[in-house]
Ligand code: COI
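We begin with a single chain expressed as structure tokens, specifically the form predicted alone.
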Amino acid sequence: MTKIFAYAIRKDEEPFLNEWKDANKDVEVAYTDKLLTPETAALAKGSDGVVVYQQLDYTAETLQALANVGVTKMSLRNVGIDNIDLAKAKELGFEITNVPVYSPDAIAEHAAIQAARVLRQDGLMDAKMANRDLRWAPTIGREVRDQVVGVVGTGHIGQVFMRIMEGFGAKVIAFDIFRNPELEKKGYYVDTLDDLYKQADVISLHVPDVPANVHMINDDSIKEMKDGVVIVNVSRGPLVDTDAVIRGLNSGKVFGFVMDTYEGEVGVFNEDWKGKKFPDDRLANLIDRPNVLVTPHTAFYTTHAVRNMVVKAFDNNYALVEGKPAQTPVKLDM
């Protein structure tokens, strides 16, 4: 019987894991809530493949430990592969899959909702309500339909975000080095990122964390932007130079910031810091600002998305161990 072992299974994933098990009774599934590490790799001994999800790096040591127990077929329940030692994986003969599309709507909806909340100054209004201050002024909002919304990256998530913002009545412009032919026909694209920065009232990032994109939002790019710009990052933390955004917020150049991903998030996000010393003063600074809306990498976190992440990852792994083509293989020679 085929055996699959899963790491870092959360309580909210268990119903979907059990759903998959019920539909695939010829597969023996075991799992743990522990992350995959060189030490926990031994838990997969006797299995044909593993299903994983974590921000912790899949280091050469971790991959070697898995290979040592006979497992080289690994399926991620998420998109990102930047934390995998791909060279080592290739050397060891790993086959890896990911789930590149689990719910573009979940992430795009979150970006749109949070951007609208910043424009309406909800953070400041919420604080006023908590103090029973029921005066309107000076907490006046901006309507989404009055904004030019600039979308950087027009893949699955970017396109959904564009549709949502157009539903509000906003004018949408976009930039992508890989242009979508249909969007190009409709005239969404501007020629350069600088063009987008200069025209947009709201700028939302939907691009991967590759070297060319690291700190694409920085002091220089912020200078190019309109006064009172709103910046939205639900994509990858390293896209934004956080210190530059703080300087922009301090000067008033940046009206508001939506942050679901943070360049220093590993080890800080998805932890309960209540009653403990908070480890990141810069992040605390942002959380405390009424014109900054911080969420701890939860844009994806809906029942729809979690189900897709679990089911698609197990489908992929089952295909790998059965020697069949997986739906979304990862190229190891990137």
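Note that residue numbering follows the sequence shown and begins at 1. Everything numeric here is computed off the predicted structure, so don't read it as measured data.
The discussion below concerns the form predicted in complex with the ligand, not included here.
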The ligand: the contacting residue among 102, 188, 197, 257 in the predicted bound form [heavy atom, 4.5 Å]
102
Please identify the residue among 213, 139, 180, 78 with any heavy atom within 4.5 Å of the ligand in the predicted bound form.
78
Looking at 25-33, 280-288, 56-64, 293-301, which stretch has residues with any non-hydrogen atom within 4.5 Å of the ligand in the predicted bound form?
293-301
May I ask you to state whether residue 309 is within 4.5 Å of the ligand in the predicted bound form, using heavy atom distances?
yes
The ligand contact at residue 236 in the predicted bound form, heavy atom, 4.5 Å:
yes
